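Single chain ahead, by itself, as structure tokens, in the form predicted on its own.
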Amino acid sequence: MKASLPRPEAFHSPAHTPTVSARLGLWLGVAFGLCFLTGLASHYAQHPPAWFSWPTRPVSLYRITQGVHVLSGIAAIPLLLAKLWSVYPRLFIRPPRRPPALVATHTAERLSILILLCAAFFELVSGLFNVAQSYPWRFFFIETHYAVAWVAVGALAVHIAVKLPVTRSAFAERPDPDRRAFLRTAWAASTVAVLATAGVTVPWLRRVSALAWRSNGGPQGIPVNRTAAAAGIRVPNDWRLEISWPGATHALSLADLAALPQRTATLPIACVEGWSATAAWTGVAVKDLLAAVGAPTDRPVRVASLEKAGLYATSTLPAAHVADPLTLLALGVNGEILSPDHGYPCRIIAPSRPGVLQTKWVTRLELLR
């Protein structure tokens, strides 16, 4: 007997209808849209082009945008699986043989869906590996994740445009009880996934977030991504903070820094992996420090760490952050001297700034033009 592939009509689940697919597609589109926009914000905050300026207020802005980015990605996973379950019988539609225009349209639609699926899965899977700080690949995660995001959003726009007539008709039809049950299940799975992980960045949800990959644990109540041992940090006995600008250089010991007027600021530290935590940081306002040694206070500052290697061994404080009185060269956290893993002898902590740019183990501040 000759076996034959089934046709879409052979599948009778209430989930396999445009009424269900359209609603799942809408929710998925919202999740992808939030993920894309907040991902752009995160990328530009870390790697700002010349025309872009990331604000210093509100102080939790980066914490919020990066938290939304990660959680909307997590919410998208069950929605994407439900959407695929809803539409997979359409894979068995036979392609038309003629006319050529119809064949071309069919082929283009299928190709755009293939690109969309590959890009969507790549973004969600690579994002999960990133929050787990596991990178079993050779490509540079940040640039590749950013580039594929544009591919995904472009393919999504094409898919929405092609399916718009079907979607309009589907929304005009009210789902029956069986279809509503499937939609509620998908919505509940997405909500549970978010609640199980949201505690990484929402403090009042930490008790119910069983799958949160970070908590308040860690030295001095703050999680640590990269320890002093992992970074190979050795603080020399004669450590000095060097501050340089055109025509002058100034060096201060830790005792000199401690003798300057201190400020305590309650600020969150938010990481690109989505976790965040709030702490009381104490140190010298960078603006006050520069003024105390006679340096200009209206320029960007390149911050260098004792760390010799790594993408973030140096960072640049934009002029707006330098001028902000809450941008500190912190010497302590939560009433204690900084532990080595939090950046002893001093680190940068600035409002609304990605955690990877809050440089630890600072040894040099260089004023830029």
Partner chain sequence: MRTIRILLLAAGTALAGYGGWLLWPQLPYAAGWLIAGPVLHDALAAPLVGLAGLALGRVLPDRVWRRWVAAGLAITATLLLIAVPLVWRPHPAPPNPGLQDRDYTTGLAIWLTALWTGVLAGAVVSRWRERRAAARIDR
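Residue numbers count along the first chain shown, from 1. Worth saying up front: this structure is predicted, and the values here are computed from it rather than measured.
A second form of this protein, the form predicted together with its partner chain, is not displayed here; the remarks below concern that form.
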Within 4.5 Å, heavy atoms only, which of Pro236, Pro99, Gly247, Pro177 is in contact with its partner chain in the model of the complex? Pro177
Identify which of Ala291, Ala108, Leu211, Ala172 has a heavy atom within 4.5 Å of its partner chain in the model of the complex; exactly one of them does. Leu211
Pro78, heavy atom within 4.5 angstroms of its partner chain in the model of the complex: yes
With the partner left out here, check for me: in the model of the complex, does some heavy atom of Ile74 sit within 4.5 Å of its partner chain? yes
Asp324 versus its partner chain, in the model of the complex: is there a non-hydrogen atom within 4.5 Å? no
My question is simply whether Arg206 lines the interface with its partner chain in the model of the complex - judged by any non-hydrogen atom within 4.5 Å. yes
So in the model of the complex, are Leu114, Gln133 and Leu195 all sitting within 4.5 Å of its partner chain, heavy atoms only? yes
Can you say which of 252-260, 81-89, 295-303, 99-107 gets within 4.5 Å of its partner chain in the model of the complex, counting heavy atoms only? 81-89
At a 4.5 angstroms cut-off on non-hydrogen atoms, which residues of 132-148 are near its partner chain in the model of the complex? List them in order. Ala132, Gln133, Ser134, Tyr135, Pro136, Trp137, Arg138, Phe139, Phe140, Glu143, Thr144, Tyr146, Ala147, Val148
